[in-house]
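Only one chain is given next, in structure tokens, and it is the form predicted on its own.
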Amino acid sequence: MSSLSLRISSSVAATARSESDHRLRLLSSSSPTVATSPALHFCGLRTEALKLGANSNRWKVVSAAVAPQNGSASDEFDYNLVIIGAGVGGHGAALHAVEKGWKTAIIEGDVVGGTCVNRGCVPSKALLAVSGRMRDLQDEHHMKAFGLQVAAAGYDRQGVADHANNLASKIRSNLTNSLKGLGVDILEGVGTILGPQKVKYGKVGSSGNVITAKDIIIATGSVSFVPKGVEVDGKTVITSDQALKLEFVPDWIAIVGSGYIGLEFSDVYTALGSEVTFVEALDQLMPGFDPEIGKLARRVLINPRKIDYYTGVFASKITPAKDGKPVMIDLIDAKTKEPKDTLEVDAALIATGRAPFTKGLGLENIRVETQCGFVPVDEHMQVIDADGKLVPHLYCIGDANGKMMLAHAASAQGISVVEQISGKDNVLNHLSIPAACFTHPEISMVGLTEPQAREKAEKEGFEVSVAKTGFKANTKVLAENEGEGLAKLIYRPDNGEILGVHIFGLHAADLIHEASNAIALGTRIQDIKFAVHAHPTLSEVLDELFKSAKVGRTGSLGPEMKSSPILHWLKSTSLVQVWHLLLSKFST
């Protein structure tokens, strides 16, 4: 996972505000109402409401609850909702459930925050913040352009590691306090489903405690995927879990995999002085990105840095360093499986993705079979059993279902499930969920890549257009002296539907949300191009991008309209002829 989205949504504030306003009672018709802080609603705190006394103009203080609190379950169940897993997805679902007035519990066998907060997107952002500053300080030409003179930049490895660890601790504490503040029961131990609406929790091997719930959500997340033949010792052959501790900075490190995780760590290691060698099984680096964005990113993020790479090869065997020998990596051709080369490096980072953590959940007790470890679900995240039937009152969100392995996607799925349980039909549009890679510069995306969009258009019979704009004309970008960048819009010219947006450049991870929200809300280009953007800001890159799109062209009509006799007649008829025809019709 590459990003964390802590949801403090406007709906939370709005719901809490309406509830608190309802509770506040004016003791005098002349008494003013005092607005309460939305921040207090989220934190589960209480605030003071003020009123005028009957015979006085002085304020008096009365206490009023402003935040939703954990509700009470029916006599039939211990809880309305039990969530197995207190990562970002489970946390988002729990908060939304409390808003509904449900009695909610969350089971966690490790620490609150899950992978993202403790071993993923949060501490990695701390390391990337360091690498970004190091790159600025090391770029003498860049500094001179600002009129700045900087001595040789250095770093304290332990200080950098402490920064990452302290950030994870702070966010973990914030999540824990938000759950406790709202009255969510945090149950420690491993959760196991015993049967319909029944869960056991406790230490592995113990009898545990059994609770019942009207509905259950599985949110157990994922773990680092380690391919066969790779021996991880946690020191010289590591996964992202150990890399985030930054126990040492190797002179030369091989990174197996060039996706989000591999790219971000290459940014960190090269900024701190390491040489990097990528080992990628597919034929090109960055295979999951839009090809045009990937090509530009390789030119900026790979070629100028101390990075070389192998593509189309597997690391069939990786042996940790020991007895004075380096880490040994045997490479074979990904297609023929013939030996290609052997690398001897100081360390190897295994960045081959994530695997669902679903063992020990007791899925066999409800006849659910995983698919490559993932829990099968429908579009509402409801679990599907071995017979293809929906399991009543059981849902699975986040990495464990494999639909979209991102922390904020898990949170969105959790909220969607709570809405579904409450009786509101809610289907999450995964094509509207953005993703980001926090390199320097950043990469972000939402929706379809250009090849995906053209494949979809081929099947469904519509045309695809592409609009692009660079960063170099943007005033804010020029002020920052960070002109390298590209924004790309993939859309339907016939109706203005946004199919995908891809950005490479300064603060791309922040810019993408205008596009993702537009897709989520169904906003068309012909509407969003009239939105006003503050000047001078980076957001004007998106403004220019949407304004450059051409919507409603004749050549963009669907195949049915293109062959329409009416269209051919209009093409061959002048406006004067059409006008005379209309006049003759109305005159008769």
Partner chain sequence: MASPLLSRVSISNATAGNTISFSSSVSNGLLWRRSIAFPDKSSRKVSTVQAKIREIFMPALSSTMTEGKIVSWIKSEGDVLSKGESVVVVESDKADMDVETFYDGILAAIVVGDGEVAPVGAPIGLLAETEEEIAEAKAKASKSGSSAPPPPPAPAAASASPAAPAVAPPKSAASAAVPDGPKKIVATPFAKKLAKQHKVDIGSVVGTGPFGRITPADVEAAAGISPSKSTGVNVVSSVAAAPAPAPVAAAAPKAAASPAPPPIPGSTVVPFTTMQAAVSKNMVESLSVPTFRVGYPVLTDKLDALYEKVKPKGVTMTALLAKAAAMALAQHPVVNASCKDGKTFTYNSSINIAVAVAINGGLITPVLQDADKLDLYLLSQKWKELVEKARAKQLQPHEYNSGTFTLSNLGMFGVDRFDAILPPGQGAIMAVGASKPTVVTDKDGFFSVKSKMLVNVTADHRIIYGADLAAFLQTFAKIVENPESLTL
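Because the structure is a prediction, the values reported are computed rather than measured. Numbering follows the first chain given and starts at 1.
A second form of this protein, the form predicted together with its partner chain, is not displayed here; the remarks below concern that form.
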Of 77, 374, 462, 309, which one comes within 4.5 Å of its partner chain in the predicted bound form, counting heavy atoms only? 309
I need to confirm a contact call. Of 139, 369, 233, 341, which residue comes within 4.5 Å of its partner chain in the predicted bound form, counting heavy atoms only? 341
Taking 4.5 angstroms as the cut-off for heavy atoms, does residue 303 touch its partner chain in the predicted bound form? yes
is_contact(residue 326, its partner chain) in the predicted bound form, heavy atom dist at most 4.5 Å: yes
Any non-hydrogen atom of residue 484 within 4.5 angstroms of its partner chain in the predicted bound form: yes
Though only this chain appears here, would residue 178 touch its partner chain in the predicted bound form if you measure heavy atom gaps against 4.5 Å? no
Among 402 to 410, 122 to 130, 246 to 254, 360 to 368, which stretch has residues whose heavy atoms lie within 4.5 Å of its partner chain in the predicted bound form? 246 to 254
Between 166 to 204 and its partner chain in the predicted bound form, list the residues on our side with a heavy atom within 4.5 Å. none
